[in-house]
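Below sits a lone chain in structure tokens, taken as the form predicted alone.
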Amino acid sequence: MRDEVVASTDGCVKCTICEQACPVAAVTDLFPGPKYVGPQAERFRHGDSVDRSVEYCSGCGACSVVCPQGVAVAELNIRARAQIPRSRRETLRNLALGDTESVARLAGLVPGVANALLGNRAVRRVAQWLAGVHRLAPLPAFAPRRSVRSFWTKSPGEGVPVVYFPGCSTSWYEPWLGEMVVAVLERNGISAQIAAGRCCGLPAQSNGFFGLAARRVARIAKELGAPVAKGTPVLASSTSCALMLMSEAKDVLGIESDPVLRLAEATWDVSEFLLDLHRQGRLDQKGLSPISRRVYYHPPCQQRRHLSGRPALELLALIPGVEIIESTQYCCGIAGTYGLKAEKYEVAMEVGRGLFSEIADSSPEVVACDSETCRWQITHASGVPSVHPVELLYESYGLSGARRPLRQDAKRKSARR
């Protein structure tokens, strides 16, 4: 059977719409554009004959979203990146960034020590020299072990059942977000069973480790097989995780097993799910109390690829008293682990420059964004605190118990110096 992603290249008419939409090609000559390294180059690729310029594709997916012919440009480029021969240093660096679950579990044993090392300027300079991770890159702080354990052991309440897939970011870095998601769901009659703190596999895929990524997805599909078979929705608060489970596993990794395909059908972004509740008249809108807050909302690249509109923006509009400024910019530049790499950090910052300037001009009290890496990048570059949209719903409902540690944002700001 012919690969659908490769077959899509036949539709390319060289209209260059993808070139105009690409945020990376707009700021650097190191990347010649998605058409050139995507459908145009695909026809001539054999074995390891991949032009290294595709390395600068961030995988943001803008090209695939805007293509009028349905060419899977971003998916072609992600696959091509995985074929590039690597030095031992690059391989080890990419593995450390791609196997986030193993790294998080190891560092999570001694989060205080890990955070102290990550916050030390001298250590960060050495890390850039030895490992190729930029000394100013917005690396998140590990949450205290007690917070992680408390989140994982929470028992589901009574109500309509769903499975909440927190991913590695919520499990190891932002457990308070998971607590808020569960609390907001319960407020609306939804009982959330918390899945194990697994990585969805997207970081591994983005860094070229397709085998590891495929094993991650297959493991999740197996673990969630029983509830999915019963028709239980699977919710993700990370737009990256949702994208991986909904489409990337099939479109990029080529996985077409029944468990993975059923998981894809069952997966929702949490904001999309809550908005669907609202449209059914099942969301407790009357329980939302006014909060006076000027909020800048930025939809991340991964969320745009869900092709579900702006569910978080519509949810925020339900909160009385909130003044919303909608972003007109496409990308923050971080693209998962892309902007953490020494050779790409400045490119990522330049890609996000328009966004950071727009945030500064808007003078918001807080930025709302659905993606964790985008939130870390935005706070790092703008100095403005960034939250998941569900955090504002949590506040408006008057819920309590889950608290964001102030040192998290403080650490990200200090990395800019």
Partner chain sequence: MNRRADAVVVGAGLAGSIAACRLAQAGAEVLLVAAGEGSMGLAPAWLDVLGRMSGPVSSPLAGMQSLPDSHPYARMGSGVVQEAVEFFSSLVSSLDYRGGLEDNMALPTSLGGRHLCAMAPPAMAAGNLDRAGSVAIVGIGAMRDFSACLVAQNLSAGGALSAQGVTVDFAGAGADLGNLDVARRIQEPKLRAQLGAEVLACIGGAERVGFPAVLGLGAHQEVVGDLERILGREVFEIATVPPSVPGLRLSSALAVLRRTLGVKEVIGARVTGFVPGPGGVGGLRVRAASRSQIYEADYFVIASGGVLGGGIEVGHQARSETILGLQIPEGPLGSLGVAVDNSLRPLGPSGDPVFQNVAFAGATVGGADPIGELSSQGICVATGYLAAEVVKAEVAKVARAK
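Positions refer to the first chain, counted from 1. Since we're looking at a predicted model, the values are computed, not measured.
The following text describes the form predicted together with its partner chain, which does not appear among the structures shown.
> Under a 4.5 angstroms heavy atom criterion, identify the one residue in 169, 239, 205, 267 near its partner chain in the predicted bound form.
Only one option qualifies, and that one is 267.
> Would you kindly say which of 280, 155, 87, 292 lies with a heavy atom within 4.5 Å of its partner chain in the predicted bound form?
Only one option qualifies, and that one is 280.
> So which of 158 to 166, 191 to 199, 321 to 329, 139 to 147 is the stretch with heavy atoms within 4.5 Å of its partner chain in the predicted bound form?
Every other range fails; the passing one is 321 to 329.
> Since only the chain is shown here, I'm wondering whether residue 305 would be in contact with its partner chain in the predicted bound form (any heavy atom pair within 4.5 Å).
Heavy-atom contact with its partner chain at 4.5 Å: present for residue 305.
> Is there a non-hydrogen atom of residue 54 within 4.5 angstroms of a non-hydrogen atom of its partner chain in the predicted bound form?
No, residue 54 is distant from the partner.
> Considering only heavy atoms, tell me if residue 348 and its partner chain come within 4.5 Å of each other in the predicted bound form.
Answer no; every heavy atom of residue 348 is more than 4.5 Å from its partner chain in the predicted bound form.
> Classify residue 102 as contacting or not contacting its partner chain in the predicted bound form by the rule of any non-hydrogen atom within 4.5 angstroms, answering yes or no.
No, no contact at 4.5 Å.
> Could you list the residues in 130 to 161 that come within 4.5 Å of its partner chain in the predicted bound form, counting only heavy atoms and keeping sequence order?
Contacts from 130 to 161: none.
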